[in-house]
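The chain below stands alone and is given in structure tokens; this is the form predicted alone.
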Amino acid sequence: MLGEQNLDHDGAPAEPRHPPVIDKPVLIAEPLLPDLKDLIPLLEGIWERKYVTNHGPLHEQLEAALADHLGVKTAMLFNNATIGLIAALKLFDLPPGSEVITTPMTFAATAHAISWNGLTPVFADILPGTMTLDPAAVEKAITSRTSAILGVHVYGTLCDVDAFARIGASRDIRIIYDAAHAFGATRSGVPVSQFGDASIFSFHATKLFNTLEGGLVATPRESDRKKIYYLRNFGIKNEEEVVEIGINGKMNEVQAAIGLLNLRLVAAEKAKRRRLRNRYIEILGDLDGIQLPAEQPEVENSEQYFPIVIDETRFGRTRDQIYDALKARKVFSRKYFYPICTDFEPYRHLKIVSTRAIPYAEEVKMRVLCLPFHSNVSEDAVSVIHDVMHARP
């Protein structure tokens, strides 16, 4: 095990272990890509058909495969997840200007999708541990103008879906999940896409499952398919009729080809990341002041990210010092999420509703660090992370 004294075959102390040298930078994320030899026949088919977009055959195959994979009645592809978020909010005809409660601990697109719909974002605090939206803070934030809650399954850790289901039912509020980090996650065997009124997935290149760029809106109701179709295709019903106000959210055939091939690779990639997660826990678990990702025993994690939270007082060094030390050794982590949404110019005037004197989101944004998390993180890179984290201040 790393950090233990090296012994030779007769038990005598061996030569000291030399620090590993990283030649090629180790990135926070790398895209899962299929073998080019498998992609070429699909591209040849696209070129032969000259059918490159507008719900082509590969698009239809991928959409059906994902509906099955995610266990939902409606799974609709989009060219990216941001357009998917905008369309999902539009799907529910929320009153103009009404309030949508979300977390500040998310990518800017979550809040932007609310604003693009002419709705008002309201930020509620997050829970220590999971760093997901705090149901108690959400209840405190609800007003007569609240129309929806947009929770985020952050880092692959799931929101308290039971609490939000109760809040939604008791207040007649829509529950929507930004599931960009949660592809393939389940809770008690139930796919994450079956919780709430809709879930939006990202298939960006940094995600476990990717189509280079893309997204998907999933709902538990088959009746949503037609309206989502109109929303992503200009509201076009046929050659002569436009029946809704829609946008161009269609995924093209090349993206779909990548998706069909990558879907075959997801299980193996996820297993490799699970092993990497266990290695990180092994080398970091004994460090005082290092909070590892929250354990959710009933959840099968999506294995999207591996965040740690660094308590400077106990650990002796700051998050930024660790970030810089890793970077100096060509291992690239990410201060994710930092800044948070309420630090950005469009939302800087908005407070975070919290049950605490100081919102936890304001504290943890200075402490959270995501380590490289993909199948190409080598044992040498893990050794570098070990050495940096175990070095004396």
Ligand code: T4K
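We number the residues from 1 along the sequence you see. Predicted, not measured: the structure shown is a model, and the values here were computed from it.
Keep in mind that the form predicted together with the named molecule is missing from the display, and what follows is about it.
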- Query: Which single stretch, out of 313-321, 293-301, 270-278, 78-86, brings residue heavy atoms within 4.5 Å of the named molecule in the predicted bound form?
  - Reply: 78-86
- Is there a heavy atom of Gly214 no more than 4.5 Å from a heavy atom of the named molecule in the predicted bound form? yes
- in the predicted bound form, does Tyr336 have a heavy atom within 4.5 Å of the named molecule? yes
- Message: So, Ala180 and the named molecule: in the predicted bound form, are they within 4.5 Å at any heavy atom pair?
- Response: yes
- Message: I'd like to know whether Pro31 contacts the named molecule in the predicted bound form, with contact meaning heavy atoms within 4.5 angstroms.
- Response: yes
- Non-hydrogen atoms within 4.5 angstroms of the named molecule in the predicted bound form: do Val122, Arg174 and Ala361 all have one? no
- The single option of Phe164, Tyr229, Phe195, Phe107 touching the named molecule in the predicted bound form, heavy atom within 4.5 Å: Phe107
- Between the options Arg187, His112, His204, Lys90, which residue brings a heavy atom to within 4.5 Å of the named molecule in the predicted bound form? His204
